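Encoded as structure tokens, the following chain is the form predicted alone, with no partner shown.
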């Protein structure tokens, strides 16, 4: 079965964890709960805001809330918002547990399968001496136990396997059977806006398990595709996944702030929801590294959820939920970035910076309904792309 033959189930590649009937049912329950919270329960927050929080704030301050920060203050003690937030957080923790159970049960088999290799001519370079950045060590990002980098045994792939399945549940299948919607959407924008662009070498920064990375193998078959991440477990899994699918990708364990690639080595540098998982200072170092690595005429494209300035204040408030409730401390600041300012600070020509919205590739194909779920704008409408051409 190919990835396009079943659009309602995650694609079963060679190292995807297998589930028993009970394990699968538990994961489906969590997915259904998330959809219910997103499509039904979440809507009550706006009613609570209009009926209680906004009038109370206006009475106390003499003016209606104007910014997302003021709306957050108004809603901070509202009982409905507290209930929804608790359910959101609980559903996230339930999700991770539901995928950890089958991974733990078959971890030795997954490690063995990952070590077998396949016909694809991809490579894997790990660096056990790499210092994991503080912004990864300090918090389990999006509540994922151990984050991307924690290893529980030799040759570990556990957190790669956990992440792969959890992304499909979190997105409720709306990023496609390969979880590749962000990469597919970015590629669609590149081909639409730069139809003659033919990169020789492509770098995916913060690639995790390669969900979006592999799309570039198909979109640009003559290019060499590279993926980097700080986490060894996700890279081992990414390499095994790519090999099992016949996609030649060169994965290496590196910090995007400082890599070992030559100057001007890449024609295209991309990232897919990397930005909100790095600090402001780190993001500027990453862009300086992009400048060093990018060949003249090359493109840098970062895909993220929308910046707050482009949203109504209430929607920005809802999108900001992850900052304080989903172990995403850099989420809020990342949604305040301005492409021209970052370009100017990091050695690029700000006149060549851009910001754009690109309709979700999978959503456009499937004509599915956008669902707003706290910080979940992706896979349900359009991705915000920003970057610069050198």
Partner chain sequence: MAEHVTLQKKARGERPQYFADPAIDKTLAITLALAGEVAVLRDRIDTIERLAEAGVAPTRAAVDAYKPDSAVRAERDAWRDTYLDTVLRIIHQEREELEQRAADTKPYAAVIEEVVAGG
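Numbering follows the first chain given and starts at 1. Since the structure is predicted, the reported quantities are computational estimates derived from the model, not experimental observations.
The next section is about a form of this same protein that is not shown, the form predicted in complex with the partner chain.
- Within 4.5 Å of the partner chain in the predicted complex, a heavy atom is found for none of 219, 243 and 356.
- Checking 56, 69, 33, 338 against the partner chain in the predicted complex, a heavy atom within 4.5 Å turns up for just one residue: 33.
- Here is the short version: of 139, 223, 282, 126, the single residue with a heavy atom within 4.5 Å of the partner chain in the predicted complex is 139.
- Heavy atoms within 4.5 Å of the partner chain in the predicted complex are found in exactly one of 103-111, 263-271, 243-251, 298-306, that being 103-111.
- Remark: residue 197 does not count among the residues lining the partner chain in the predicted complex, judged by a heavy atom distance of 4.5 Å or less.
- Using a 4.5 Å cutoff between non-hydrogen atoms, residue 89 counts as a contact of the partner chain in the predicted complex.
- Among heavy atoms of residue 47, some come within 4.5 Å of the partner chain in the predicted complex.
- Taking the partner from elsewhere, residue 80 is found to have a heavy atom lying within 4.5 Å of the partner chain in the predicted complex.
- Applying a 4.5 Å heavy atom cutoff to the partner chain in the predicted complex picks out no residue from 241-280.
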